[in-house]
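There is one chain below, alone, in C-alpha cells, taken in the form predicted on its own.
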C-alpha cells in the first residue's frame, strides 16, 4: 500500500474554482502580520492566489534545486507546501535545469505515477540537491511532472485526471513534507512484500518516450524522499505557523519551520501531541459518531468532512466540492490520537458561493470522499501545526504524530 497522497484533482480543481467562481465582493487586503520566527531553519510561506492566479487556501513557498554537487541551481517559486505527501515534485514547464535521470537496473529510465484520490502526477524521477532556507538535502530523487516525456500507461491514467500542468495543479510544484520518509515506503519494496506479488503501479521503467512502461519495485533509497529527513539537522519534522484568518483576505504570511525541539525557535511549547496509526490517521468524533480515517493536510484547501447526507449541509449547485449552507454553520468536533490525547475543535462552514474572491478563506469546507475528516489549510489558520516524521525522535515522542 502506498503512502497517503490526499491532494486530488477534485480538491485542486476546487481550489482553483474557489476564487474564479465565488461571489464578487471586494477583497480585504489588510492581511494580518504574524510574529515571524527567525533562524536558518525558517522558510517564509505565503497564502495567496498562487502562480496560476486563482488558488484559494494554498500555502506557497520557493525551493532551490541544483544539479547534484554543483552550483548550477534554479529557484522555483509558487511551490505548494503539502503535509499530505512526501517528496518534491516540479512541473517540467518551469524547470530549466537538466537534472540527472534515475535509471532502473537494466538502464531504462524510471518514471513515477503518484496516485491521489481522483488524480495522479506522472513524470520521470531525476536527482537534485534541494535547498530550502539554510537546509540542504543532497542527491535527492525528485519527480519532474510531464505528460509528454513518457507515455503514461492505463494503470496510471485510470486514477483520474492528470495534475501535470499549471492549469490542473495550480502550483509550480509540490513540496511534500508529510509524516512519512518516502512517498511509497515498504509497499514498493520487493523484499517487504509476499513472494510472487506484483509491484504497485507507482514506479515504472520506460524503454523510450513512446514505449510501454512496466511497473517495478523500488528500493527505499530510490523513492522520492521527504527532503526534511535528509537535512543534516532539524530533520525530525516541520511546523507550519500561520496567523488567524478571521475574515477573507488577499494574502497571509507565515513560516515553515524545520525541526521539532532542535532549535530555540521550534519547541513544542505546550502543544498537544496526537499520535497516528501507520497511515497517518487519528479519530475525529462528530455528532456522536467516530471517524478513524481523519488526518491533517496542508495540501487540501478546506476542511473536507463526511457527505451532504451525513451532515445535512447542502453542497453548492455549481461547485459540488464545497458546502453552501443557507447561513454560516458553527460546528464542533473532537480529535483523538492513538495515544488517547483528545481536544475539541470549533470550526465554521460558510456558503462558498457567498465568499469573496480572496485567497485566504478560513470558513471554506466541503464533502469528503473518504470516511473521515480532512483537516485542510483552513484548520491551520491561527495555529502552530507540527508534523513529526515516522521513526524520528522528538521532545514529544517518536513520530509519526501531529501536534497543535
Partner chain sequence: MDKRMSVRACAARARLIFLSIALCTSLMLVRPAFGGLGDDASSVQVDQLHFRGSLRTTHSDGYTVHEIESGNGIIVREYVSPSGKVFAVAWQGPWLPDMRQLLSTYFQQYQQAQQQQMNSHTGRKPLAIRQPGLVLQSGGHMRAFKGRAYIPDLLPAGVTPEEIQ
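Residue numbers count along the first chain shown, from 1. Only a predicted model underlies this, so the values are computations on that prediction, with no experimental measurement involved.
From this point on, the text means the form predicted in complex with the partner chain, which you will not see here.
Enquirer: Only one of 281, 205, 234, 249 gets a heavy atom within 4.5 Å of the partner chain in the model of the complex. Which one?
Expert: Here the answer is residue option 281.
Enquirer: Only one of 119, 276, 126, 229 gets a heavy atom within 4.5 Å of the partner chain in the model of the complex. Which one?
Expert: Checking each option against the partner chain in the model of the complex, the one that comes within 4.5 Å is 119.
Enquirer: Would you mind picking out the stretch of 192 to 200, 67 to 75, 260 to 268, 130 to 138 that comes within 4.5 angstroms of the partner chain in the model of the complex, counting non-hydrogen atoms?
Expert: Answer to the contact question: 192 to 200.
Enquirer: Considering only heavy atoms, tell me if residue 368 and the partner chain come within 4.5 Å of each other in the model of the complex.
Expert: Residue 368: yes, in contact with the partner chain in the model of the complex.
Enquirer: Could you confirm whether residue 308 comes within 4.5 Å of the partner chain in the model of the complex, counting heavy atoms only?
Expert: Yes, contact at 4.5 Å.
Enquirer: Is it the case that residue 327, even though its partner is missing from this view, gets within 4.5 Å of the partner chain in the model of the complex, heavy atoms only?
Expert: It does not: once the partner chain is placed as it appears in the model of the complex, residue 327 has no heavy atom within 4.5 Å of it.
Enquirer: Can residue 219 be called a contact residue for the partner chain in the model of the complex at 4.5 Å between heavy atoms?
Expert: It does not: once the partner chain is placed as it appears in the model of the complex, residue 219 has no heavy atom within 4.5 Å of it.
Enquirer: Decide if the three candidate residues 159, 163 and 357 all line the partner chain in the model of the complex, where lining means a heavy atom within 4.5 Å.
Expert: Judged in the model of the complex, 159, 163 and 357 all sit within 4.5 Å of the partner chain.
Enquirer: Taking the partner chain as it sits in the model of the complex, which residues of 61 to 99 have a non-hydrogen atom within 4.5 Å of it? Please list them.
Expert: The stretch touches the partner through 82, 84, 85, 86.
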